[in-house]
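Okay, so here's just one chain, in structure tokens, the form predicted on its own.
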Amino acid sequence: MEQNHFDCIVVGFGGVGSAAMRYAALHGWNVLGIDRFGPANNRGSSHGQTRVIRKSYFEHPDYVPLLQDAYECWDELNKRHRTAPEVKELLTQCGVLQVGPEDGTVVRGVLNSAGQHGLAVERFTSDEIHRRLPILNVPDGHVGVFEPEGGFLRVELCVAAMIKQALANGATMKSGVQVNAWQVDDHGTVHLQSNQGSWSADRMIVCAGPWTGQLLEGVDLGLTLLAKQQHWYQLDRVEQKRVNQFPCFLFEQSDGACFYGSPELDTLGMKVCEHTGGRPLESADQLDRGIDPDQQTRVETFLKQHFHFTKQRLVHHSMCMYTMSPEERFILDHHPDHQQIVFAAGLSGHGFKFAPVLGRRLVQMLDGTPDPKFDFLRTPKGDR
């Protein structure tokens, strides 16, 4: 007979949800994880081959302790995942080069975080960058900060590894589940109805990415959605593009636009995307997965301005969604009316690298374990 009641239901098992499912199972709870599409799918925000990871966080120095924990979590997971030399590692530390005006948001933010937390970074002028990486064209007046411990995560492999560990520890997983409604009864039990049936649980964790606003209707989080295009290009310049020959990069331009990328891993080529910009969406179900010519043009203009090459070819593209919070800061909190429900929302396009520590923290929140490192990620403006 199929089980209908669980200690905990996790809604969504992308990056953070798969981590929450794993840590809930490790905690000894009987866990059900459900997802609208399935593991490592390309419909939400946890796909696209790679995600950049870095400690010297320009966004805010308060994230650095979480990143230090995240590196330990990824290392622990990688040791369980990489059972043979031919198995690809989850995290590759090829370094991250962050470039921009010396008084810009990125460089100032990187140096501030590095200084506050004693992180190892190296500063380079535009000429010094060009001597080391001749493929790059850095404008005069821009500088670079290199973090040798930075690199990239193989995003689909990371999600798959966390799901595998969750299942190995007793979790139950169901794909293709669309939540129709949920409510909490007088005894505090959460009841969830879906297109595949109904379940109940003592607790619920919501990690639904761009569908979070629909699931938490009535909780004013101020979330907005952006459609973001990811691109993979083959450039005819063969040197200094491949992994272990070229770092991940983030460029802040003088107008504030930010572009990032990672080196070639295979025949898809080099991944290049714009972190700023994007096309607003009314709902996640509106996403058009066809090529967006405006976003493609902006990325190709960036490439022509900042890379030396003769020919380029767009080999692949995919669409991703950013779920933006009002301050572009993650939101981890309890439901204002139901303390047995917690959620992660508004990761604002920079959350995947934190997935294991965010997933673990959601479980700790349900268990009543305090951790002041996360207090700055509560619901904005104290609205609870």
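One-based numbering along the sequence shown. Computed from a prediction, not measured in an experiment: that's the story for all the values here.
What comes next is about the form predicted in complex with a small molecule, which does not appear here.
Within this chain, residue 36 lines the site of the small molecule in the model of the complex, having a heavy atom no more than 4.5 Å away.
In the model of the complex, at least one heavy atom of residue 51 sits within 4.5 Å of the small molecule.
Residue contact with the small molecule in the model of the complex: residue 9 places no heavy atom within 4.5 Å of it.
At a distance threshold of 4.5 angstroms between non-hydrogen atoms, residue 116 is out of contact with the small molecule in the model of the complex. Comment: the small molecule is not present in this chain, but in the model of the complex one of 342, 320, 64, 26 has a heavy atom within 4.5 Å of it, namely 320. Among 208, 97, 166, 110, the residue placing a heavy atom within 4.5 Å of the small molecule in the model of the complex is 208. The candidate spot formed by 41, 347 and 351 lies fully in contact with the small molecule in the model of the complex, as each residue has a heavy atom within 4.5 Å of it. Of the candidate stretches 286-294, 309-317, 170-178, 89-97, only 170-178 has residues whose heavy atoms lie within 4.5 Å of the small molecule in the model of the complex.
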